Structure formats: structure tokens, C-alpha cells
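We begin with a single chain expressed as C-alpha cells, specifically the form predicted on its own.
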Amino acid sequence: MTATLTVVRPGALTTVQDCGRRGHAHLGVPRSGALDAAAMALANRLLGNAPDAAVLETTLTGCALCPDRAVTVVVGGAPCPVTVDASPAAWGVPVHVPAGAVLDAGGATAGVRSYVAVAGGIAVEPVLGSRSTDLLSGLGPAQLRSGDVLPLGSAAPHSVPADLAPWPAPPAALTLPLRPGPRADWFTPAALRTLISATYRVSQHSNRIGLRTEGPPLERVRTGELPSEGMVLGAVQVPPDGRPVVFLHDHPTTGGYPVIGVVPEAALAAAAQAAPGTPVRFTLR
């Protein structure tokens, strides 16, 4: 019989995530997947799971879960208090949770997104090869709610578990490398200088679709309509208010605003952990 987790407290936004749906953009399906993929992989590594085993991604306020059998879990990513039946437990290392006990991953004390990995992984049915929740397209399991029951996979180790690993700290300031984008010539030279010299801040309106920023607007030299065109992960699109938006994993596959640059994927994990108000600088590559 399959072991299960019951959601006791879903938090503000907790979703199932893995490595996402690659190769379906031509069908209009975003990649989705864990925004901090490195944190997901490290949590799975500590449990001996496959690197792409599905985990839970929480947002700011954590979540609480109750297994029907004894399980081993790792809570990593954004640091947060962890308890098992209200007793303090360790963050960032494997923790034993008895059957019927409540694991609570509390609110993030730094960063934005914590990851709850369970030995064996979250075994919801995959859709287009992924178990990830895609909030934009509505694919995969819905955002978790109280009382939801999640099946778990076999805890047979994919590799030898690790006991301890270093976790990167969430960024106090975010520096994003930028490659010029396909519509950089739609902006004034002054706008390009502003983009790489000004300090922006992470907007509270950021989400899994994009990291929105607050700061000086970027002026365009072309104000006409732009036909919808393909968007890649990390594309920096500039909407009419002139503030750049960095597209994250649930981004649309097409868009109609000009893309001034692209942030390489390797830099996006830090963007996923940048809390509202965090200073942002773009550096030209």
C-alpha cells in the first residue's frame, strides 16, 4: 500500500514541483518546475532520491504535513523553523517523522521558497512527463489545500544518501548577468545605460511567472505594437510601465512586449529566493 502525506496547513502557496516540462513550448506549455532547482536537487540528494524526484515548494509561510507512515524528510531552500509534533527539528538535514506526527516547515526567515523533500518523492500522476504544478496553464496538481492527500513513491535510494551539505544563503542583494535581447534596439541608449547602472528592487508583485522590479523606467525609441513572439526562460520583458520583468519558470511561451535582454538560467535560482525589497543590479555579459 502506498504511503501518503496529508496536508495540515498549506501555507500561502505550496505546490508540487520537479524538473518541469521541457520541450513543449511549441504547444504553448511552459516549463514550470522548481524555481530554485539547485535547492530541490540538494534536498533530494540528502535523501538518496533521484535528482528529479518531485518535492513541495512553499512560498514565504511554509506548510504542515502529516504522514500515515514513518518517513524521512529534508526541509531546505529558504531557511525556516522546523518542528515535528511541535518539538524543534533540524533544517537542511534528514529528519525522521513518525507515522501520524505533524511536520511543520514554518515561515521563511530569509529568502522566499523552502523545499520539503520526502524519501521516495511525491508520486502524483505526471502530466506531459512532469509532476509539476503549472499555475499559468493549469497543468499538474492544483495548489495544495488543507486535507489534500499526496501519494509517496518508494523510498528505495537512487544513490547513497548524504548526511550534511552546505546550503547557499538567500541573496541580500541580487546581481543578474544580462545578455542583450532580440529587441534591445527598441530602447534608447540612455535606457540601456540605466538598466545596467541603476539599482532596482524586487517588487512584492513577483510570482512564479516573473520577478517584477521597481525602479527607473526604461524609455523606448519605438512605441508601436510588437507582434507576439516566443519567450525563453530568463527573458527580461519591459511592459508599458518601463520596469523590467524577469521571466521565471511559469512564464508564458509568447508575449507582446519587447525583450531587452536575457538572464542565463544559472542565475535564476538566486532570483527565486530574492524577497520583496531586495536590491537588484543587472550586469552586461
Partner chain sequence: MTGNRPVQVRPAGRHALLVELPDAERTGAFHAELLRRRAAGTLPPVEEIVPGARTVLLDGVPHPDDLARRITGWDMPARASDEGPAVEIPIRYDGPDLDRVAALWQVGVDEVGARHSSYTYRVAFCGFAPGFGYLTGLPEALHVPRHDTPRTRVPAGAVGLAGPYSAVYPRVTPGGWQLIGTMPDPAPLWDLTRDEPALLTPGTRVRFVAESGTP
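Note that the structure is predicted; figures quoted are calculated from it, not measured. Positions refer to the first chain, counted from 1.
The discussion below concerns the form predicted in complex with its partner chain, not included here.
Considering its partner chain in the predicted complex, the lone stretch of 88 to 96, 74 to 82, 183 to 191, 141 to 149 in range is 183 to 191 [heavy atom distance within 4.5 Å].
Contact annotation: of the candidates P239, G230, P217, P51, the single residue with a non-hydrogen atom within 4.5 angstroms of its partner chain in the predicted complex is G230.
A heavy atom within 4.5 Å of its partner chain in the predicted complex is found for one listed residue only; from V124, A198, A110, V127, this is V127. Contact check for L27: a heavy atom falls within 4.5 Å of its partner chain in the predicted complex.
Although the partner is absent here, V102 is not a contact residue: none of its heavy atoms lies within 4.5 angstroms of its partner chain in the predicted complex.
Interface residue remark: L136 is counted as part of the site for its partner chain in the predicted complex, having a heavy atom within 4.5 Å.
Heavy atoms of T223 never reach within 4.5 Å of its partner chain in the predicted complex, leaving it off the interface.
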